[in-house]
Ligand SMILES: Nc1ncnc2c1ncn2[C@@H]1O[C@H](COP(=O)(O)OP(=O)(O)OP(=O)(O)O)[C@@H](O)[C@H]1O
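Just the one chain here, the form predicted on its own, laid out as C-alpha cells.
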C-alpha cells in the first residue's frame, strides 16, 4: 500500500519579472519500507518536490496524498509534526543543545518527561553508532559525520513514517557518506519507513530501491 501519491503535480515560482515552472506534471508513488533517490541537475525541481512532500506548501495544481488524504486538505503543521522528519545537508542541529538534547527535542515537544525522553534519545544515538562519550557534546564539538548521524537519530526519535533527506551526504567524506546511506537503508528496510533522498551523487542513488530522475520539472522512474 502506498504512503504518498503524487498526481500531475505542478508548481510555479512567480516573480515580478517572470514565472518559473519548477514542477510540470509530476506523478509518482512512494511506499513504506523503501528507500527512494531523487536525482537531477540543479534547477531540475528536486528541492521543490521535497518541500511539497514535507508539506511546506501545496501544489499549484494536481495533488499530493498522504495515506489517501490530500495535503491541501489537512493541517500541514500537524502533518509535519506527526508524520515527517527532514534531514538536511547542513545538519540543522541546535548549536546550544548537546547531542542527546538535540535527539530528545522532538520528544520534549510531545510532552514526554525529560528522563524518559533522554533514555529514548540515547537508544537512538546508539543505533546510529554514537557512543555515550559524545552525548554531552555540542554539535560544534562533533565531526561532520557524527553531526549527520545525530540528525538521523533525531529523525528516529520523532518516529516519523516519512523521512526526507536533502543531500544528506553532501558535506561528508566517502566513508561517512556510506555509513549514512547504510543507516537510511536500515530505516527503510528494517523499520518500515518511507525514505526519500535528494542527491546529486549517482553512486549514492544506486543504493536506493528506486530512482526518480528529475529533468526540467518532470520525473522519469529508474531501476
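Positions refer to the first chain, counted from 1. The model shown is predicted, which means the values in this text are computed figures rather than measured ones.
The following text describes the form predicted together with the ligand, which does not appear among the structures shown.
Among heavy atoms of residue 22, some come within 4.5 Å of the ligand in the predicted complex. Not displayed here, the ligand is kept clear of residue 70 by more than 4.5 Å at the level of heavy atoms in the predicted complex. Although the partner is absent here, residue 169 lies well away from the ligand in the predicted complex, with no heavy atom inside 4.5 Å. Although the partner is absent here, residue 193 sits far enough away that none of its heavy atoms falls within 4.5 Å of the ligand in the predicted complex. Residues with any non-hydrogen atom within 4.5 angstroms of the ligand in the predicted complex fall in just one of 169-177, 35-43, 151-159, 59-67: 35-43.
For the stretch 191-206, the set of residues having any non-hydrogen atom within 4.5 angstroms of the ligand in the predicted complex comprises only 200.
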